[in-house]
Ligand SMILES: Cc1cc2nc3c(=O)[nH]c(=O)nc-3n(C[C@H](O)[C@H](O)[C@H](O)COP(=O)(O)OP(=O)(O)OC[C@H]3O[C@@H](n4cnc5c(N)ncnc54)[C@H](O)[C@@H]3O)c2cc1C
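Only one chain is included here, represented as structure tokens and corresponding to the form predicted on its own.
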Amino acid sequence: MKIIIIGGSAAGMGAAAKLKRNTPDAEVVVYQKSSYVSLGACGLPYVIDGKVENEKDLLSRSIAEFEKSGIQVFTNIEITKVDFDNKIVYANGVKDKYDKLIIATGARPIVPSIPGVDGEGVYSLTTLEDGVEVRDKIAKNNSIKSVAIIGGGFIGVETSVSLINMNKKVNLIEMQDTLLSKSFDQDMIHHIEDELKINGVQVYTSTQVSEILLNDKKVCGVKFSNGKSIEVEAVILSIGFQPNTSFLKETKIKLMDNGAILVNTKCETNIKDVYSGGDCSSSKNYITGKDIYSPLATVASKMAKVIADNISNKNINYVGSIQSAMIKLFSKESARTGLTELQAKAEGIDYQTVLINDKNYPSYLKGQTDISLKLIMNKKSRELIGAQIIGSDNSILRINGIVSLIWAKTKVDSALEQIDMPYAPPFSRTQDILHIALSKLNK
């Protein structure tokens, strides 16, 4: 059996490695557009300020290591066409036939159609080369004083921290009313926005960039849709991602509206013997059961295993995710899981929320800090469906326990209110913030 994998990031290489463990005799071939595989792209913001000293440390395994296990890896080759009827993939000078095909082409940054976007000094942050370029041409460049980051998602806010650490003036521009609007509700996000502002980030929300201003083809500023403008010497695009599937648009493979490949719980496409996973495909929301687009490394790695196991006849289902995520910005740490309040409302769920502001541990120990926890409960089922927590000093790691409660569909009742949380003064208070929140929901 010959298995061709298009794409060498988390989903593609994860599937390749698992396939070789499951079926050592299978011929596994990977075609990768870049010169490397297994990039940990979530670490790119940390390349900028030197927290990751060697950018190659973001490559979890070398090509030689994969080839040693029997996986054939062809780099600098972009597959541009697939003949699904005859099971052939094509690239410049390449024509290869498969028995099973895995499409794991990932995602590419969204580039807005605005004047100046092609100017010198406009960057994105997706590839290893991007991270090195932003580090060398912006972070380490003393002539660059002020930078605009367009997009206030996870990558945008993390990059703003890295550039502040490199003594740059940072302008973080977000079109929505708040930063991280898909992950945190308004009554929680102000903690994050305040932390950024306190540390020197100029935050613009409800603000749309209409033009990147150029002088002799070089960035000199950005103009807003309200007519105002600011001076900057560089722009980083962090608007979001779109599935890298344009080469499939004229084929019979089914795509979501945003171009993501539609897959079932076995990560099968609508075409026999063709699988997909990771940032180029749909996935499932574990709470609602609906198809979603969730370009997260954790999702990609799990789908990779499901694909490999199903090709190996193990009959495994991908049950979905609750889009758990966390982020550290200066001294503030934030985590979220499940549905936000806005998402629960959009789903038509009759829900109840509770928001508790407390302290991370007793006042008799120095260093006590604030912690805020929001829980969202389905009033009909009494199950937790979402949580957001913001604090410091690792206090947000409580999210791991809450993820388990949501995943297990545990009902909020008097027994759960008494959940036996561990206690010691350096970590928590005798009545933890989770106890307080559960008690409020249980009234």
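All figures in this text were calculated on a predicted structure; none of them were measured in a lab. Throughout, we count residues from 1 along the sequence that is shown.
The protein also exists as the form predicted in complex with this ligand; that form is not presented, and the subsequent description refers to it.
A residue is said to contact a partner when one of its heavy atoms sits within 4.5 Å of a partner heavy atom; Glu333 fails this definition for this ligand in the predicted bound form, lying far away. This ligand in the predicted bound form is approached by Asn244, whose closest heavy atom lies within 4.5 angstroms of it. In the predicted bound form, this ligand sits within 4.5 Å of a heavy atom belonging to Thr298. In the predicted bound form, Ser428 stays away from this ligand, with no heavy atom inside 4.5 Å. With this ligand left out of view, the stretch that reaches within 4.5 Å of it through heavy atoms in the predicted bound form is, among 224-232, 143-151, 160-168, 106-114, 106-114. Residue-level contacts in the predicted bound form: of Ile396, Leu44, Val412, Ile385, one residue has a heavy atom within 4.5 Å of this ligand, and it is Leu44.
Checked against this ligand in the predicted bound form, the residues Val219, Leu125, Leu179, Val306 give one hit for a heavy atom within 4.5 Å, which is Leu125.
Candidate site formed by Ile6, Ser34 and Ile77: every one of these residues places a non-hydrogen atom within 4.5 angstroms of this ligand in the predicted bound form. In the predicted bound form, this ligand lies within 4.5 angstroms of at least one heavy atom of each of the following residues of 265-291: Gly277, Gly278, Asp279, in sequence order.
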